[in-house]
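Read the single chain below, which is given as structure tokens and is the form predicted alone.
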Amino acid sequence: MNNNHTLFTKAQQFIPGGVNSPVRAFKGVGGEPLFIARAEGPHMYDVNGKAYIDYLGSWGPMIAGHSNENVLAAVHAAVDRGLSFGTSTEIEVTLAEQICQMIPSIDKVRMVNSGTEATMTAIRLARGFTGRDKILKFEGCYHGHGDSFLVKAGSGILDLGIPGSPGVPDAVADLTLTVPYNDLDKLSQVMNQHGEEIAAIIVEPIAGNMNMIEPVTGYLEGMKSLCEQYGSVLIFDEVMTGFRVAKGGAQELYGIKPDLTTFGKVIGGGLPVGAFGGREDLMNHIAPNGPVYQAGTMSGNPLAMAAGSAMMKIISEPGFYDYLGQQTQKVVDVLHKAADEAGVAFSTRNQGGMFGVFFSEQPANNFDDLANCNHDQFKRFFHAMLDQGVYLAPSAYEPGFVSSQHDDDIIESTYHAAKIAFKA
């Protein structure tokens, strides 16, 4: 029987780095990655049979826990009808309607197959709509691996120490302007200089790819105002925050209506999916209504749509987000308690089912702040928690996720694990 070590050794023979997504390689924390065999509720189980309390949640979509019976039933029923047709289906209309009803800024939505595909297309749409070429993003924010986004990006780019990426032509990189996150003065300066050339500002309204960094007061409002002033499209990348931090995403929390929004993760219930949506006049520029081309044979796949629609019903139940937020607060509270008992400098942030941990006296507000956190201490903490059966994201640049299945007993077990881990 294969174990974690033998599987990773074999994987490196056939897969670059032994992984199909770089952050899985544990480069940010050291050691060898785990191979997961199955998952249920708040737990994952590796191929060695060891159980872990899971705070990764498949990077966000398992908001109702792993192997939710309603989601699985919807997928099983869809499988019996066929895997893919290459045609329109009723279930994609159902999910599109659910998304539009839950997100007030979205009049129409287009399904795609990943968050990266969603952000790439949103940028193309903004460029086609405005007739401009430049975009503006923020240092440490990650929007997928599209060429335009790999300039001063977050997530796995930070773990690997890659400042950009070979393979991205200079001509493409030159069309991407970057400014520090949470610095409205700097953003205003750049927009005053280049605003009439900028097709879009794309932002994680809560930055989730340099841990979890919330916008300072007035930041998103100022950004929205600048976009209106210069005729640029405001794109909220809610691939990570959408339906995680609130039912209506981060835009509900802050009362900001972006022009376009990108989604992924949760709306597929665990299956590969993405979407972008927004104002009707913008969305009508997408083919076949308009001249901006986007297509995908697997877009709106019936299995992913069935899983996503079932998930949307679950998270729409009364009290779901109240309970999720309550449990997430309990998680960060027990982590603080364990850190205080160990005398470790530690801080957190949390919204809805999402939380960030920082080995510093105060949470980071931008990339420079994050760089000054004690990442070596995080690495020790990560491995100590893993030893105690708690799985966190294998990176100091990634947030954690809590599901509705993380009950008080699970959180108490997390506390006891953290008491040991903070002393590592």
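Numbers follow the displayed sequence, beginning with 1. A quick note: this is a predicted structure, and the numbers were derived from the prediction, not measured.
Not on display, but discussed next: the form predicted together with a small molecule.
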Residue among 105, 114, 327, 294 with a heavy atom within 4.5 Å of the small molecule in the model of the complex: 114
Option touching the small molecule, based on a heavy atom within 4.5 Å in the model of the complex, out of 245, 213, 239, 267: 239
One stretch from 129 to 137, 222 to 230, 168 to 176, 203 to 211 that, in the model of the complex, holds residues within 4.5 Å of the small molecule by heavy atom: 203 to 211
In the model of the complex, residue 144 touching the small molecule (heavy atom, 4.5 Å): yes
Heavy atom of residue 21 within 4.5 Å of the small molecule in the model of the complex: yes
Any non-hydrogen atom of residue 59 within 4.5 angstroms of the small molecule in the model of the complex: yes
